[in-house]
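Given next, in structure tokens, is a single chain: the form predicted alone.
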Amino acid sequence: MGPAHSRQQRENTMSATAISSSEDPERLYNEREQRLNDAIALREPDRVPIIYYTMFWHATYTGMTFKESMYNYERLSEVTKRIVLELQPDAIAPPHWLNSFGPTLELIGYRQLQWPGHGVEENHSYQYLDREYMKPEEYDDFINDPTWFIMTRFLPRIGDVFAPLAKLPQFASVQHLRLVQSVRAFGDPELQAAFAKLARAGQEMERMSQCAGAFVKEMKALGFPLGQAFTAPAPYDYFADYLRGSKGIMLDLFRHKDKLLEAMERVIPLIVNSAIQTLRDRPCKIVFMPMHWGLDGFMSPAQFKTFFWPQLRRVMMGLIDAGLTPLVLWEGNCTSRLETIADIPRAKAVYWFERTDLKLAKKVLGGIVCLKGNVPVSLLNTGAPDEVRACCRDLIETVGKGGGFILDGAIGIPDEAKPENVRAMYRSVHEFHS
């Protein structure tokens, strides 16, 4: 069977599934939202819920390229709608906010990523360029004025269009008539050209956002709530991922630990307040928090208890106190951290584990936090549907027992997952019960 025929067959299958559904969308929406809320609250729902989350699998499934999914917003909405109607998840993570950035990235001249068709092949996922974007001697500049440092030092290093921003004065240091004098910086021709290009980038991002918003509205009308509505980092990851790089941050644990700790204190309220302000008027209160560095193998348990967990916990508590729900994705293995990360209020968060043994996590955390995961990537990519069903059944009947469990792939649906295996995973929540 040729690729074109395979693609058409998949799309016909999805359309037929969508047409055959005649249930009341409003009732389905309420049932799905209640099912998800029950799991988070550690109550036992009518069945284990499942959430649609992926980076580029929609492209793999429908035959579009990864590149197209980053540039064609309307097409991405169209194919994702078909997939959602076929799989019937209990909630969705709109893919636009994960990969529809191609045109804006080009306008910015973004340097921290390579993306499909721009640095990597059209059907390859993102590649992050791990470099030192903040020097160790610049910790004081960041601590003294984070906004000025980000605007005039960090941004010019990660995007071509931001280069002239290095000429901006430190506005927090001027007042009265000196403030008036400082506006002459905006007369610089290079700065004016940069602002004009940033305006075009802003218009492009607004176009994408409008498309994403329309997709979310349509999904709600069809009976599908959101499974997350904002993304926030751990304070340590804020510096490790975006500023210091892997080599720099690991050296800082020994050479600049006091400055690192002080800098993390500065960003905690920034992270919390950004989430609160963004979600203030939105119905979904779930904050996605991917963890990259606080895992077994990257730092010792003692370092975790000094540099990672206290700061992350303060962010989580700030979110929880504001009525938000942290959804923490522990990428990799964090078995040695389970007892430590149990120190949060009961039924106020979700822990999504990629590789940690969920049965062990259930024993340690089952009465404290809702668990999510973790059908292996290798199984979804290379296994058979019966193997996927068996794995899902085991998770549902053991980890799902008594409630507090959301089934999902280890990191959602991996880009290369076999369609038949994904279907088996989504059907399993209807076939098996805890």
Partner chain sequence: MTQASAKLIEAIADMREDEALALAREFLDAGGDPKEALDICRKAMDIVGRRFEQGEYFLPELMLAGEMLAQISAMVKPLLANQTQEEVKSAGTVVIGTVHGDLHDIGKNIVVFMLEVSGYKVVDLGIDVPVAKFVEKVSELQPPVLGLSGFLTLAFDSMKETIEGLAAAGLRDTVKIMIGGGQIDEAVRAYTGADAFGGNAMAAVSLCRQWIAQ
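Since the model is a prediction, treat every value here as computed from it, not as a measurement. Residue numbers count along the first chain shown, from 1.
Not on display, but discussed next: the form predicted in complex with its partner chain.
From the list 340 to 348, 270 to 278, 245 to 253, 79 to 87, the contact stretch for its partner chain in the predicted bound form under a 4.5 Å heavy atom rule is 245 to 253.
Proximity to its partner chain in the predicted bound form, defined as a heavy atom within 4.5 Å, singles out one entry of N99, Q114, Q228, T104, which is Q114.
Only one of L129, M205, L360, L261 comes within 4.5 Å of its partner chain in the predicted bound form through a heavy atom, and that residue is L129. Within 4.5 Å of any heavy atom of its partner chain in the predicted bound form lies no heavy atom of N30. P301 belongs to the set of residues with a heavy atom inside 4.5 Å of its partner chain in the predicted bound form. N37 falls outside the set of residues with a heavy atom inside 4.5 Å of its partner chain in the predicted bound form. When contacts are judged by a 4.5 Å heavy atom cut-off, V174 does not count as touching its partner chain in the predicted bound form. No residue in the set W330, T398 and G402 has a non-hydrogen atom no more than 4.5 Å from its partner chain in the predicted bound form.
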